[in-house]
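We begin with a single chain expressed as structure tokens, specifically the form predicted on its own.
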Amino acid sequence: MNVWLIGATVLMGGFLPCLLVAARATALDALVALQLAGSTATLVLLLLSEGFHRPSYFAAPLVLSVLSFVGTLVIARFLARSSR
């Protein structure tokens, strides 16, 4: 086990607060928790790909970073339309 895998394991603990906020907070706060979880997942995948020394694994976090941002925008638009 190297420092990259330890960092990814520690960073995975950041999903628990995001899950709690997403489950118990208002819709806008849950959206922020979703965005934070997407950013955290991207960082965890980057650390795992570096920890396993697999350059081909770097594609997944790069795609996830773009898709999580776009998904958050879609959900924000949905929430704006439903609040009217």
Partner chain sequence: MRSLALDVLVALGVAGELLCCLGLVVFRNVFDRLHYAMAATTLPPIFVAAAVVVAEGRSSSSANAIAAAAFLFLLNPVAAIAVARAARAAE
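Just so it is clear, the structure is predicted and the values come from calculations on it, not from any experiment. Residue numbers count along the first chain shown, from 1.
The protein also exists as the form predicted in complex with the partner chain; that form is not presented, and the subsequent description refers to it.
Remark: residue 3 counts among the residues lining the partner chain in the model of the complex, judged by a heavy atom distance of 4.5 Å or less. When contacts are judged by a 4.5 Å heavy atom cut-off, residue 10 counts as touching the partner chain in the model of the complex. For residue 20, a non-hydrogen atom is located within 4.5 Å of the partner chain in the model of the complex, even though that partner is not displayed. Residues 25, 28, 29, 31, 32, 33, 35, 36, 39, 40, 42, 43, 46, 47, 50 of 23-52 are found to place at least one heavy atom within 4.5 Å of the partner chain in the model of the complex.
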